[in-house]
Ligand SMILES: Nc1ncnc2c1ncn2[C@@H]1O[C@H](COP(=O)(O)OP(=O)(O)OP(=O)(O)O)[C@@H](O)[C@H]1O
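Taking the form predicted alone, here's one chain by itself in structure tokens.
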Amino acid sequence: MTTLLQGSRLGLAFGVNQVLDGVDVGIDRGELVAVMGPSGSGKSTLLHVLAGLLRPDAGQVVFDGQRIDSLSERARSRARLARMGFVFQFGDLIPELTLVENVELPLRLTGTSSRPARRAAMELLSRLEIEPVASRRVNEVSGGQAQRAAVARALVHRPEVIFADEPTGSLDTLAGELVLEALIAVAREQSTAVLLVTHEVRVAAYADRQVSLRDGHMSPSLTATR
């Protein structure tokens, strides 16, 4: 496989708190990597640094052969919009929009016209088995349905990498399993890399490889056994 995203010797401190301290982590194209660790271990901070949402104090982040931590905020925003997808614990859908409008938003923001954007969004909503509620708003659907819509939004523009930060953390076990399986299935079909942040062993078991973050330091990789 070819390495898509690589963080090298990453360091980041918030005041006197050293959150990342010499972290090395990479992900190949089409690979699913789970980043594990207890609350406060720096998992989400690492995800934000790798996605270009935060600049590291030390080290570098290389995405598809280009160093992105030194790019301007505008250039990093363009890369995130066009080439990355995000799924957060609570979905972060826009409540004023319907599910299908939320899903087609990344395509519309990158210049896709309304009809093909709607068609692509509906195809994914059907694939994730929530097409019947596509015209409803977030407060009119279940948490699991909203989170599957968030997954569809992350995948609709066929990104090269998805950053999933505790994507099942707000759901019950069954709903969480359905969301995670849907995310992984479509990501596999699209050869999308997935960087999954979790503290749950059962969630990490879906990954090709697991790494552990504790006190700002990364432990060696483990191959998942699921």
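Numbering starts at 1 and follows the sequence shown. Given the structure is predicted, the values throughout are model-derived calculations rather than measurements.
Omitted from view is the form predicted together with the named molecule, to which the following refers.
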Taking heavy atoms and a 4.5 Å cut-off, does residue 158 contact the named molecule in the model of the complex? no
Interface membership of residue 191, the named molecule in the model of the complex, 4.5 Å heavy atom rule: no
Residue 19, heavy atom within 4.5 angstroms of the named molecule in the model of the complex: yes
Next item on the list: Look up in the model of the complex whether residue 38 has a non-hydrogen atom within 4.5 angstroms of the named molecule, and give yes or no.
Entry: yes
For the named molecule in the model of the complex, the stretch among 59-67, 172-180, 26-34, 43-51 with residues bearing a heavy atom within 4.5 Å is 43-51
Taking the named molecule in the model of the complex and a 4.5 Å non-hydrogen atom cutoff, the residues of 179-202 making contact are 199
